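Presented below, as structure tokens, is a lone chain in the form predicted alone.
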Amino acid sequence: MKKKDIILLGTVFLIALILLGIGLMIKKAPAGDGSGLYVCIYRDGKQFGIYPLNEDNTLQLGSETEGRNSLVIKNRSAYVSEADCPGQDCIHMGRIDESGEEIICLPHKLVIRIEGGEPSMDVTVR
């Protein structure tokens, strides 16, 4: 390989990294201020709470018999910070911040869903 070939490859690689970084920043940017979006909480199929996504809040869900989960609503996203269920899958589901996203805790029969606004699209079919 000549010196010019190495410089060309390095430049192409650098441009690809810059474009990847820009794409990741755009994906992580919040879509809006969260107004119009709500965190809806369901236990055993019945809704028992609605909270605005744009207002910070920490909720203790459940009881000794139903099981306990701590739900944090902060910075226009919601996540389960603590749970006493085996596996801790609801904690590992991470943050949700777009309409239609859910956190599910099967042992506690708990569903936490973002509702309102426009649901985000995963794909476009033509």
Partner chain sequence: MKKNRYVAYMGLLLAAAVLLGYVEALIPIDLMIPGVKLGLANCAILFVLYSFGLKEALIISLLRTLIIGFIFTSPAMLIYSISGTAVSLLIMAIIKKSGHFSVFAVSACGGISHNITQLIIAGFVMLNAGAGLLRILTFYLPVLVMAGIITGLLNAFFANILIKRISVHSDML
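The structure displayed is predicted, hence computed values, not measured ones. Rigid core here is just the name for the largest C-alpha set that superposes within 1.5 Å across the two forms. Numbering follows the first chain given and starts at 1.
Keep in mind the form predicted together with its partner chain is missing from the figure; the text below concerns it.
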Practice task
Just one of 61-69, 75-83, 90-98, 48-56 has residues with a heavy atom within 4.5 Å of its partner chain in the predicted bound form, so point it out.
Solution key: 90-98
Problem - Proximity of P107 to its partner chain in the predicted bound form, heavy atoms at 4.5 Å - result: yes
Practice task
Determine the residues of 36-71 with a heavy atom within 4.5 Å of its partner chain in the predicted bound form and present them in sequence order; the list may be empty.
Solution key: Y42, D44, G45
Problem - Did L106 shift 2 Å or more between the shown form and the other one, C-alpha, core superposed - result: no
Handout entry: Note on N75-L20 C-alpha separation in the predicted bound form, which departs from the shown form by 3 angstroms or more
Key = farther
Completion exercise
The CA atoms of G21 and N75 move 3 Å or more in the predicted bound form, ending up farther
